[in-house]
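This document opens with one chain alone, in structure tokens, the form predicted on its own.
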């Protein structure tokens, strides 16, 4: 089959690789009909995620048709149309039983590698390093899906792929970010980052009865989308001081809830931003925590900070003192996608939301390498890329 393979920093290639096969009776094989490039894939592309190996198949936002099932798979049949979540979860460990699917105890065969870095291992993920399982990714013609009874959700309606594809990651991620923000009615919610996750965090904040949503970015197309589709007020962080502007907009109190939808490759400003980038380049820190610092400083006393943005290691100069003294609550984590699939699919089918609004580019798999560069460099108005294998 054809697949998009990682060969190092800024080097992904479409190559011929062996077709996946049933390796466990709980597996299914899915023929991919649509697969997306995620903002967190750019951390692989830019070389910031450890334990990648040359030739690894990337991608973790797929949907398609089931073409084979293992003998112990009970919920899927050949011909089913499914969306596959990026988290791989067994469904039977203590964490899965608590609906914390991204913390599954059994789906990462390289758990010891993750424990050495994190203290404990999260779930395995599709196409996202050997520390998180070494699973082949989904930017390919076919995908092996472990624990197939637990992951994929069947789509019985005739909704087009682009309306349901983003259930695989960014729509549930934005929704969980808003849920983790603990939004009360009429709260002011500030969202850093207007990429796809940020856009869905904005949409979801309204679903939790926010009173105001303020979106922060520097890319004109993203800010315009936040205003047009998310009814958000916006701040261009290169044209205004975010801290001063947010305090002015909230009568000096600060936003009630802050969402960091950026993560490790934040574009900081000033000397601290330059220092972070230099430290990251020479491996003195793994993450650039500019947004995390700013959200801590900006959030009102007693507020909540939600962090869906991906961080991969350690970061310097995080203001722990303000975090503690302001009495902030922090909620983080990879998304427990399986928890949200049914309720969010229902919202799509009921017409409450159409996630396809974020898709700006639709291209064949062969253009994957070009689209990684376009997406990373935010060229051509690119906000979300869907590939057709």
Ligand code: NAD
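Everything quoted here is computed from the prediction, not taken from an experiment. Residue numbers count along the first chain shown, from 1.
One more form of this protein exists, namely the form predicted together with the named molecule; it is left out here, but the text below deals with it.
Does the named molecule come within 4.5 Å of a heavy atom in each of 86, 217 and 222 in the predicted bound form?
Yes, because 86, 217 and 222 each have a heavy atom that approaches the named molecule to within 4.5 Å in the predicted bound form.
Identify which of 262, 190, 166, 140 has a heavy atom within 4.5 Å of the named molecule in the predicted bound form; exactly one of them does.
Here the answer is residue option 262.
Scan 298, 82, 291, 104 and let me know which has any heavy atom within 4.5 Å of the named molecule in the predicted bound form.
For this set of options, the contacting one is 291.
Can you pick the stretch from 111-119, 73-81, 248-256, 302-310 whose heavy atoms fall within 4.5 Å of the named molecule in the predicted bound form?
So the stretch in question is 302-310.
Hey, in the predicted bound form, does residue 204 get a heavy atom within 4.5 angstroms of the named molecule?
Flag for residue 204 set to no.
Residue 39: touches the named molecule in the predicted bound form, heavy atom cutoff 4.5 angstroms:
Within the cut-off, so yes.
Partner proximity in the predicted bound form: residue 123 to the named molecule, non-hydrogen atom cutoff 4.5 Å
Taking the distances in the predicted bound form, the answer for residue 123 is no, it never comes within 4.5 Å of the named molecule.
Counting only non-hydrogen atoms and a 4.5 angstroms cut-off, does residue 335 reach the named molecule in the predicted bound form?
Answer yes; at least one heavy atom of residue 335 falls within 4.5 Å of the named molecule in the predicted bound form.
Using a 4.5 Å heavy atom cutoff, which residues in 229-252 contact the named molecule in the predicted bound form? It's fine if the answer is none.
Residue within 4.5 Å: 237, and no other.
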